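Quick setup: one chain, the form predicted alone, written in structure tokens, and binding and motion questions come after.
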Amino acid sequence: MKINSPLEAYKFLPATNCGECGEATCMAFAAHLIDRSHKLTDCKPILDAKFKKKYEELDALLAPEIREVEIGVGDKIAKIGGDDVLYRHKLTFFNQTQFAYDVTDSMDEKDLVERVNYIQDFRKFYVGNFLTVDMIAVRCTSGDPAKFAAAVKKVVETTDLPIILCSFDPAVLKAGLEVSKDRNPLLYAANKDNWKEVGALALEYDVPVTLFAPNDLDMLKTLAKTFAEMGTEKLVLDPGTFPTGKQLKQTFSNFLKVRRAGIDGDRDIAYPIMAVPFTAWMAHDDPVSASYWETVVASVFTIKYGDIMILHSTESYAMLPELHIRDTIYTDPRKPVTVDPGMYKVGEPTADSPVLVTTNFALTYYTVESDIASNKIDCFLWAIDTDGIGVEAAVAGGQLTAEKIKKGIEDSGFDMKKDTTHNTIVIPGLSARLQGDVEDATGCNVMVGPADSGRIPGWMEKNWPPQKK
């Protein structure tokens, strides 16, 4: 049975408090085992032969309910699955949905390389991070193994991203594997007709494989059990993705059934799930409708248990909603998204520039920073450590106080009297009640800015520079 408590994990540890793992106590190490920030092998004493039984027991108890499967190699390796819960708020979702965008072996080489480069170079800055896509799916539309191998070879030469080899023809898959076997590609797919041949390829090349049984969960489970008995658990399940009408409802239901069974302990089907929103292009003739429904389907199954997806639309209006919803769902609810506390320069501030205060909640900080930078306002922006809580809640909860602001100034080494000509701090409008306390604690003049950072430019025009007293 899976354990989710540090105390339960601690019972299996040698309890030497040796510190070799980097933690002061074994209990602290046990807590990190539960949140997966440490590996069991980081505990050197438990690797001793005399603790072998405890090591094996604890390793099994810590294993995620849904098996984790790796695709690709090196820094770009894609990990899928590995979850323990149906609902994020009960713990967190660990490995975010991997997005694979397709190319085909019927494309001109120039177009193929151009599309691969576009996919691998796509980046969107959002709340302190760059949102990117993860994989290339090479689809065989020619039916020619040699042509498919040439396309896969060109993709491998062009990108380090993990790849999916897509065909139901074992001969085509084998041709693709011959030129990409060192990249640990995912095979797509084995079904009730080709499972023997594709299974043999998965074992021969030791690569992960997708099992495809559209709208037939009994067949899907049978294939999974068969492949496990053959000797591989590097499996991904595709229960079929139907993008419209009642069949979409049935697809949704199938995803729920498969994941719930896996989380509830049915090891025969506890594998990552693949969604294929690309099927929207098979259901709609109009490209706009196809792209729209592909994005809708991708969003639905990002929320509900799609661990990996094959997509086609690379337009910004399709990719950005997919990336944003994925980033939201896979944000760890246990940890507020933060920036490092400290003094930041926006533009090229001088001693005459304003000094603004905000919190280190990432969404707040980057919203304020963006509103300032986009209006070409040079200033110093102070991110006060509020444990990643926004302004209004931090004031109410005591995470943003006059003493915290004073400490933030002192820790940054910034001297308001020497480094500015005005000795003035601008605090957010939602923290107006702190004005007097901040003046007393810091000895600075304190002005109350707007509650909405979008109004900072207008506020600056009316209030900056401050009137000399």
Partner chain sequence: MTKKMKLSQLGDILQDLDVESLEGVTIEGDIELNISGGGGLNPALAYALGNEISQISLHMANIGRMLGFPAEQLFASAFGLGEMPQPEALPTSPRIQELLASKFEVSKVDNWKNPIQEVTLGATSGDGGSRKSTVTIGGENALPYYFDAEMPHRNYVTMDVFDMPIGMAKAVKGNYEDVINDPAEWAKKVVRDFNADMVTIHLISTDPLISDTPAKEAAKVVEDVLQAVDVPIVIGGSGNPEKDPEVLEKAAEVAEGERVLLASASLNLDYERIAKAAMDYGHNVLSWTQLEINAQKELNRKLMKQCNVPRDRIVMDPTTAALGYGLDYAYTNMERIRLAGLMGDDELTFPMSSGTTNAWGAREAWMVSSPLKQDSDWGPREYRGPIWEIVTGLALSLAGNDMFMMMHPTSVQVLKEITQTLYGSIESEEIDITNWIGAEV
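All values derive from a computational prediction rather than experimental measurement. Numbering follows the first chain given and starts at 1.
What follows is about the form predicted together with its partner chain, which we do not show.
Using a 4.5 Å cutoff between non-hydrogen atoms, residue 11 does not count as a contact of its partner chain in the predicted bound form. A residue is said to contact a partner when one of its heavy atoms sits within 4.5 Å of a partner heavy atom; residue 243 meets this definition for its partner chain in the predicted bound form. Interface residue remark: residue 140 is counted as part of the site for its partner chain in the predicted bound form, having a heavy atom within 4.5 Å.
Not displayed here, its partner chain is kept clear of residue 73 by more than 4.5 Å at the level of heavy atoms in the predicted bound form. Proximity to its partner chain in the predicted bound form, taken as a non-hydrogen atom within 4.5 angstroms, holds for one residue of 100, 273, 211, 166, which is 166. For the options 180, 247, 96, 158, the residue carrying a heavy atom within 4.5 angstroms of its partner chain in the predicted bound form is 247. Partner contacts here mean any heavy atom within 4.5 Å of its partner chain in the predicted bound form, and among 340 to 348, 196 to 204, 149 to 157, 379 to 387 they occur only in 196 to 204. Of all the residues from 319 to 353, those having a non-hydrogen atom no more than 4.5 Å from its partner chain in the predicted bound form are 320, 321, 324, 325, 328, 329, 331, 337.
Between residue 89 and residue 396, the Cα spacing is larger in the predicted bound form than in the shown form, differing by no less than 3 Å.
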